[in-house]
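In the form predicted alone, a lone chain appears below as structure tokens.
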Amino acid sequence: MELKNNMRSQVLIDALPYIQKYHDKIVVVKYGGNAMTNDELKDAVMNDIVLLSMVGIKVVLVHGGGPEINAMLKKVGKESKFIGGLRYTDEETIDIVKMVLCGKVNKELVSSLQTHGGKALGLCGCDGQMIVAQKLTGDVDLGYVGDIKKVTTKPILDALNNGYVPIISTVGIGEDGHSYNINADTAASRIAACLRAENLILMTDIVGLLEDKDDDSTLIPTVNVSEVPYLKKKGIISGGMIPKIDCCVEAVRRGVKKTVIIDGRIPHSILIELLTNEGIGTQFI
């Protein structure tokens, strides 16, 4: 449906308070799920980020790339192995993770954003010791899966202050010089906290947190982080949602104004979240 001119102007006027609110503020977007594999959605995400950058909002894009890593492992005849939702990462796998995430996926995103009229700079967590990691310890040995020890924000801020959108792949560097595979949600949460971001947006393949996981109409639009233990106890937060929401809670407790889980399957969901009164998904405050 084509908008009439008066409707177009009203959309812009309605968005103005939100543009003013986020002007010169940092917004971290964790980019993953279907929005990374569907061409129409990819175009929408790139256009959203370019638009936000052009109106003075400082966007940091943190990306995953699980399906691409799986495909490359399959190509070389290596089985993907997951333990507790995390990829078991031996010596050969970490080399493939670096090649796929820091090389193929990262540079394709940089190229795509620039094709859509933006200015992008691809970064890896190893660059400038941006993500210093140590081996993740626990009951099971996950190989070279890392726990974030420190985030150095200078490379990110340098890119932002020079008008670039930093696009970050989440491979960290250990003090021993070895690379570590970092969960992208965890990395986005920690980066947002260290940047004192205004908003952390996690793009997913679900509408948000649901009271009934089988009924999209039961979306819970706002959650105070103090309510999370109760929601876990009730089983509303369960399974794969637990680590995602734990990342949201950690970001808020570390100083991010709010975090939100949005449905990346909806075109322009980032704009809907940031520049409208209704927003989209579930916000944690």
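Numbers for residues come from their place in the sequence shown, where the first is 1. Note that this is a predicted model, so its numbers are computed, not measured.
The discussion below concerns the form predicted together with another copy of the chain, not included here.
For a residue to qualify, one of its non-hydrogen atoms must sit within 4.5 Å of another copy of the chain in the predicted complex; all three of 20, 107 and 271 qualify. Shown alone, this chain has one stretch from 134-142, 90-98, 207-215, 193-201 that lies within 4.5 Å of another copy of the chain in the predicted complex by heavy atoms: 90-98. When you look in the predicted complex, the only residue of 72, 86, 151, 184 with a non-hydrogen atom within 4.5 Å of another copy of the chain is 72. Taking the partner from elsewhere, residue 250 is found to have every heavy atom lying beyond 4.5 Å of another copy of the chain in the predicted complex. Looking at residue 158, you'd find a heavy atom of it within 4.5 angstroms of another copy of the chain in the predicted complex. In the predicted complex, at least one heavy atom of residue 119 sits within 4.5 Å of a heavy atom of another copy of the chain.
Taking the partner from the other structure, another copy of the chain in the predicted complex has a heavy atom within 4.5 Å of a heavy atom of residue 275.
Residues 110, 111, 114, 115, 116, 117, 119, 120, 121, 122, 123, 124, 126, 127, 128, 129 are the members of 109-132 with a non-hydrogen atom no more than 4.5 angstroms from another copy of the chain in the predicted complex.
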